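Next up: a single chain in structure tokens, the form predicted alone.
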Amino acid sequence: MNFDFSEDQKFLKEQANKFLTEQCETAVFRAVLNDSKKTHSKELWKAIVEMGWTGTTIPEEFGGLGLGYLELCVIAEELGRAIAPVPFSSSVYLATEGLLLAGSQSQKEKYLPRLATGEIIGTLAMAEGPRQPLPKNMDVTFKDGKLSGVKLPVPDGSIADFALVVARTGDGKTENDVGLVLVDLNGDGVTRETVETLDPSRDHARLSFDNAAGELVGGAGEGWSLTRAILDRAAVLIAFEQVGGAEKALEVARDYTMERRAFGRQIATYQAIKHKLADAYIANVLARSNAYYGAWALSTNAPDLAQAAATARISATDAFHYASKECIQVHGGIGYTWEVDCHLYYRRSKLLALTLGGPPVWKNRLVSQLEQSNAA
């Protein structure tokens, strides 16, 4: 079984790397970070849209490129390396995937062409505060075509044009009482409030719905299974972002240890530093291996996609956190300052670790999948 990318996919990766190296230096990240009024880099987002990346997996009949998930994976890795401050993951991994997975023909015709061209931005609204987003914890309701309740935090909620909202469509709080509701965030009954996170370069918001008009995506009782399917796909793609970020953080740390001298020698020659970098390298290689497995499962719609997604998610989260943390450590005291870029990778690693649910959620998901596999 070949888990490597094709020559065309490797070429796409190289071109994406070149493009983002030119268009997304850390100064772009800092420009968003330093301006509380900025939710993302509009210039970079426009350039990405012009590259056609937002329509990577959207079929040609809906104005997309009609490529596969492997192409999207290599783009995701380079976006992760660049820690790009854009709403790509929300609009492409979550909203677009949700519509491709379960949208009606009319919904696809209405939204997919505009998602492909970047005319609109979408997102997924699942969490309702600090509680784990499970059916038993959900209070947002959808009845008679109207949505009511609060979702917090919603990635890119301040700038998204529509959201796929996970809501209760029945009287109970079981999986069969959950639906996925498409809501126009610019319509009546929707209010937004930006919320602060550790990584201000990625927008998050509190969305309040007061009898806001909505329409189901999929069936009334299919919402939870659809949400899980969307998250599994997004987990693989975000794992590639995390792998890209982890490798870049390791490179930044390595380069610094090669030029920083202490007691007359490069600090890279000290054993303690070597051990830190070696451990980060091992974690990165393991994360890449699991991400490749996830990419294969995603591209072939393999039966063990859920297990592969959880494995990739856990491994990549650990690798990015460790690499970004050790990047700060090897820089010493200066690594904690605003002027050095170390904190940019650490911020993004912490944010991505929570984007689809924290590590405990995915570890429980993996255990459940393994138990099901053993039972079968």
Partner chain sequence: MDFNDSPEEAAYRKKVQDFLKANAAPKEATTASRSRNRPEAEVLVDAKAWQKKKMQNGFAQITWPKEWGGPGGTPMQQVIYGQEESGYDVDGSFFGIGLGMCVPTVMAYADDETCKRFVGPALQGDEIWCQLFSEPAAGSDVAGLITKAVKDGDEWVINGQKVWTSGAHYCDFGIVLVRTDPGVAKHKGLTMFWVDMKDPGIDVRPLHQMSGGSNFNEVYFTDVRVKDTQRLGDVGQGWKVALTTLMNERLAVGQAGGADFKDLIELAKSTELENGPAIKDGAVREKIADWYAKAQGLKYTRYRTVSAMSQGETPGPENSITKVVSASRLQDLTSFAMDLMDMGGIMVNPDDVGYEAAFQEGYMWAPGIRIAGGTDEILRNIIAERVLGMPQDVRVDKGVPFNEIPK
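Being a predicted model, the structure only gives us computed values, none of them experimental. Numbering follows the first chain given and starts at 1.
Absent from the display: the form predicted together with the partner chain. The rest refers to it.
Quick one: from Val49, Leu65, Leu70, Ala31, grab the residue that has a heavy atom within 4.5 Å of the partner chain in the predicted bound form.
Selected residue: Leu70.
So which of Gly187, Gly129, Gly219, Gly172 gets a non-hydrogen atom within 4.5 Å of the partner chain in the predicted bound form?
Looking at the other structure, the residue within range turns out to be Gly129.
Tell me which stretch of 246-254, 179-187, 113-121, 77-85 has a heavy atom within 4.5 angstroms of the partner chain in the predicted bound form.
That would be stretch 246-254.
Would you say all of Gly55, Pro59 and Gly145 touch the partner chain in the predicted bound form, counting a heavy atom within 4.5 Å as a touch?
No, the whole trio is out of contact, none within 4.5 Å by any heavy atom.
In the predicted bound form, does Gln105 have a heavy atom within 4.5 Å of the partner chain?
No.
Indicate whether Thr197 is a 4.5 Å heavy atom neighbour of the partner chain in the predicted bound form.
Yes, Thr197 lies within 4.5 Å of the partner chain in the predicted bound form.
Does Thr39 make contact with the partner chain in the predicted bound form, using a 4.5 Å heavy atom cut-off?
Taking the distances in the predicted bound form, the answer for Thr39 is no, it never comes within 4.5 Å of the partner chain.
Please run the contact check for Lys363 against the partner chain in the predicted bound form: heavy atoms, 4.5 angstroms, yes or no?
Yes, contact at 4.5 Å.
Under the 4.5 Å heavy atom criterion, name the residues of 198-222 that approach the partner chain in the predicted bound form, in sequence order.
The stretch touches the partner through Leu198, His204, Arg206.
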